[in-house]
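In the block that follows, a single chain appears as structure tokens, in the form predicted on its own.
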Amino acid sequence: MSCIMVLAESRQGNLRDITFEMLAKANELANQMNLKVNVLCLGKNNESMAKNLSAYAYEVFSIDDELLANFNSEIYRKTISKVAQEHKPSLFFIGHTAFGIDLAPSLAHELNLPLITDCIEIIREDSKIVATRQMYSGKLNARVLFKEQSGMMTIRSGTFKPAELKLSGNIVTKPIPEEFKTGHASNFLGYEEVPTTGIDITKADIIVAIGRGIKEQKNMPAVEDFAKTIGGELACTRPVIDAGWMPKDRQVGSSGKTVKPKLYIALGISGAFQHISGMKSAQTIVAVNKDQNAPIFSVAHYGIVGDLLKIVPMLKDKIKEMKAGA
């Protein structure tokens, strides 16, 4: 039976969010195409991951081996290719992550599948699959139509919203082929974590983001205090990073992180497409900018035209007043 196959991505035994984002889109398309969703899980001690994934797929193919405990493109490619050749998926989803970018091109070549990278939308149109990907750092959206009935896509993190499903997928345990266990040209050495502030803005429910409108570093404490008052995390655009006022892990946009908080407050951010691509999926967007024609207002649910340095203190006082009266 043809299927949509999703490659689960994990790190150190934990499934990553991109896996559930891909499964949500895969199930949506599968319902339209009368297909099943299968998920492939590679790792070591996979039992809990496979059980978790079984709620999102028709079948979970679990391959459990010490060699798969950590990502190795060579071993993963050979193992995944073997399973894919057996089940011949109509579509194959892989995360557009460091993991997927390393793996997908060689895997697609081995499986003789067309590959579309960095997809931000996938739809079924006139019985064909159409994928949208951004090009030239987001300046251009390209719609790509698969000529064939099968293909591979890498999916940008944060593009699709995970959905709670309650399927009862069958877990199929498969061994890693013996011939893949020796003769490797590459070996996994270890993880080196990039130094961070310890805060993951992709998990935040409330984000206060600042742009060029902050003007000077001496104005930072005011917005930091505001973010603290409303229980939010502080983020920023690239110019703030380049100025050295905030660490790289707080940047939102095409060259930073993609976020989907419940509330996103953009302060002094004009709204270049590179930034909007990283925050447009927020549930509620509030923008403050002196320029009433700033592009950020095109995606904002609520907008305030004014100087953030005057608006922020007023907002903070109003929020304190509301909290006191609650």
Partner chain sequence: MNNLESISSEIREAIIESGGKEAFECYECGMCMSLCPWFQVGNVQFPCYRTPQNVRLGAVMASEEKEELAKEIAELFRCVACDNCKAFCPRHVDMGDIMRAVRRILAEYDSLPKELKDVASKFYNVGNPQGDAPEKRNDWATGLDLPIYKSGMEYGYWACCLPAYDARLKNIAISTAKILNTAKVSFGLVDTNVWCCSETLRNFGAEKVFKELAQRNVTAIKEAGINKILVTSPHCYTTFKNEYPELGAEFKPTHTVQLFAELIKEKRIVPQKPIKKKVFYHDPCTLGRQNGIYDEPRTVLQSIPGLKLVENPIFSREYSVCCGGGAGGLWQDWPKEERIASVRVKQVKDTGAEILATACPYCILMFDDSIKTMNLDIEVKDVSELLVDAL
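Numbering follows the first chain given and starts at 1. Throughout, rigid core stands for the largest set of C-alpha atoms superposing within 1.5 Å between the two forms. On a predicted model such as this, the values are computed, not experimentally measured, just so you know.
Not pictured, yet referred to below: the form predicted together with the partner chain.
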Heavy atom distance at most 4.5 Å to the partner chain in the predicted bound form, all of 47, 61 and 79: no
Contact segment among 165 to 173, 241 to 249, 82 to 90, 216 to 224, judged by heavy atoms lying within 4.5 Å of the partner chain in the predicted bound form: 241 to 249
Heavy atom of residue 54 within 4.5 Å of the partner chain in the predicted bound form: no
4.5 angstroms heavy atom contact with the partner chain in the predicted bound form for residue 277: yes
Partner proximity in the predicted bound form: residue 159 to the partner chain, non-hydrogen atom cutoff 4.5 Å: no
Interface residues of 26 to 46 toward the partner chain, as seen in the predicted bound form [heavy atoms, 4.5 Å]: none
Core fit, then residue 271 C-alpha moves 2 Å or more between the shown form and the other one: yes
Core-superposed C-alpha of residue 95 shifting 2 Å or more between the shown form and the other one: no
Is_shifted residue 159 between the shown form and the other one (CA, 2 Å cut-off, rigid core): no
